[in-house]
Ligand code: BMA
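Encoded as structure tokens, the following chain is the form predicted alone, with no partner shown.
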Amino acid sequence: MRLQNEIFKRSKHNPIITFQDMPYMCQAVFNPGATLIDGETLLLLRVEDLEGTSHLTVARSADGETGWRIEAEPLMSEHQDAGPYEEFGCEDPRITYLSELGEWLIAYTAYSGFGAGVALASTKDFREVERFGLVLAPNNKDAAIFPRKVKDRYWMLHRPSAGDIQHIWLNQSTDLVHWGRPWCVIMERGGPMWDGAKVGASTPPIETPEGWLVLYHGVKEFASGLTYRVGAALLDLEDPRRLIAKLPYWVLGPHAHYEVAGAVPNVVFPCGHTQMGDQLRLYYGAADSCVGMATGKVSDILALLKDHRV
């Protein structure tokens, strides 16, 4: 089913990966980071094990929808000398390729008894990773790195938690380790709005001639629980602190059976995308239980944003 205000079309193969596709026993697989490498789509899956902690496992596909080849061992887990801040695992990876370094950056949530914090790692081949460790202290998550420097600095979206206040912020860095100069760019709106309870970055920002396209999740609280949907905003290319446009409505929400029923009902939660020209493939966790994919056009989103400049 596709609603009029949804510009993403779900894959006919959805859900494209479930726990039954995994080469080892687990509880669920969801919230994957995504990239293109060696002519294939690579997903970095968040896998919840039977004990309850999460780790990250690589999956590859020639067409990005079917025939997934999933590694038998995690790429990253709490059992790999990860330190005390990943005691409860690693979650929700976002993948950004930095051409000047020739490496992929993985921004992920390190979870422990201290809470959820932002951690980074790098890889050249998704077979070995170098952990940078925790770069933003708990409670903070939903981090995504911009794909290039702006004004000789790296930029990162993230979502710190200040009690019940959860907005999207920017931080800057010169070395990918030390981050500072925080700036709030997208705020939760409160009240009955679709993004009233909290907001957080979804996939890494997408560079367009019009600005940085930011897809983000918004949460509304119903009497029955929380609902996660996807919205879109545009940041200035040369000053990402400046919000140019933001849609007042969502563009992808939970309606398919695998999105409304699961471990956490009524959730679509993208962490990764791939882009081929104007086509955008959005990879998302559905109900914290399985992986879905939906396809849209960057030009369609930008056309909508033109009517909602701030």
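Please read these numbers as outputs of a predicted model, since none were measured by experiment. Counting begins at 1, following the sequence as shown.
The following text describes the form predicted in complex with the named molecule, which does not appear among the structures shown.
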Problem set entry | Any non-hydrogen atom of Val47 within 4.5 angstroms of the named molecule in the predicted bound form | no
Problem set entry | Any non-hydrogen atom of Tyr228 within 4.5 angstroms of the named molecule in the predicted bound form | yes
Exercise. Using heavy atoms and a 4.5 Å limit, would one call Lys198 a contact residue for the named molecule in the predicted bound form?
Worked result: yes
Exercise. So in the predicted bound form, does Glu86 come within 4.5 Å of the named molecule, heavy atom to heavy atom?
Worked result: no
Problem set entry | the named molecule in the predicted bound form: contacting segment from 64-72, 243-251, 36-44, 260-268, heavy atom within 4.5 Å | 260-268
Exercise. Which residues within 80-105 place at least one heavy atom within 4.5 Å of the named molecule in the predicted bound form?
Worked result: Asp92
